[in-house]
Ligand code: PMP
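First, one chain by itself: the form predicted alone, in structure tokens.
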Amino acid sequence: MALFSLIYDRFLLSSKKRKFRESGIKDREIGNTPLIRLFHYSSSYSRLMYAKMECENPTRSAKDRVAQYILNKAIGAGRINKDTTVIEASSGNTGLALARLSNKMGIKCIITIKDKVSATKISDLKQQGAKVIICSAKADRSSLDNYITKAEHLAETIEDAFYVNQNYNPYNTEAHYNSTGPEIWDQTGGAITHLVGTIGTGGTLSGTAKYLKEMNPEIQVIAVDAKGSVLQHFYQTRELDKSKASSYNMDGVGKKFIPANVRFEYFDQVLQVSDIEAYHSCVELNHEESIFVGHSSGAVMEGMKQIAHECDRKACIVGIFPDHGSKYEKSIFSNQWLEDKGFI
């Protein structure tokens, strides 16, 4: 009887895992985001300018695509089951997307995050059921208080953990190669001449750029880095100079190291944008285009403005707007926060 019970228990366990693997995550709300014309800027710069509105994804960012793609790949490979804990180091958006999908699947999720991230994002993560561990933005990789080091440590010590590792997981780039790139190509009817996007983990811009350059190698890809990040200097010199790193406030833009998903070979230019420049573009977008987007989207808009006059008048410039302004109501859209940071 005991042997039969053991065999039956194992059968039930394997059956549950098989059903879980076969079901995967099917969320029709993810992707197929709108491409909208920026009428004010198109008129002001006499070039067609469009915004790919990734803030129309379920958790208001491009990271929904990545989270769904990576988790489905892991489920298909048998890496995730009902006992798994999903772990990731995030600036908020990837974490929120993972938390939402983990919640839908009924599995645990732990997100490590830097203390500079907006309070709204941290609150949203907790509301989606994630356990949030706040780490020092100033801690280097040798410290357990570094948000990436902490995530790696948790992945090694928690049984049945799945570490997403968005900076180095190639599925980050592949997700956008298979979705964002084809969408932009179809939505512009192949007329796109310039693609502008921020670089953080690198997957969004790298994957999209790879697809578009395969369709038309003449398309120019402009990567927007944060002032205080090391990515632009690395692009120009192929040397990692940590002395170039300094503090900045933008979430999800720039790095103090070189993620594997930042595929420099697909970029034609890397420019830097400051916190204050990105902030002003956010405010301007709200006033001129009635678009309420986050700090990184403001950085993209600033990048589009910087390159516009260099482009042919027949150019079709598309910017990937990564997330929504609602996540920044307690930061860049808060007068108190702006005063504290010296922006106003």
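The shown structure was predicted, so the numbers you read here are calculated from the model rather than taken from an experiment. Numbering starts at 1 and follows the sequence shown.
What follows is about the form predicted in complex with the named molecule, which we do not show.
- Residue contact check for Ser91: one or more of its heavy atoms lie within 4.5 Å of the named molecule in the predicted complex.
- The shortest heavy atom separation between Ile199 and the named molecule in the predicted complex is within 4.5 Å.
- Although the partner is absent here, Lys63 is a contact residue: one of its heavy atoms lies within 4.5 angstroms of the named molecule in the predicted complex.
- Taking non-hydrogen atoms only, Val253 approaches the named molecule to within 4.5 angstroms in the predicted complex.
- Residues within 4.5 angstroms of the named molecule in the predicted complex, judged by any non-hydrogen atom, belong to 202-210 and to none of the other stretches in 129-137, 183-191, 202-210, 68-76.
- Residues are counted as partner-facing when one of their heavy atoms sits within 4.5 Å of the named molecule in the predicted complex; in 286-309 only Ser296 qualifies.
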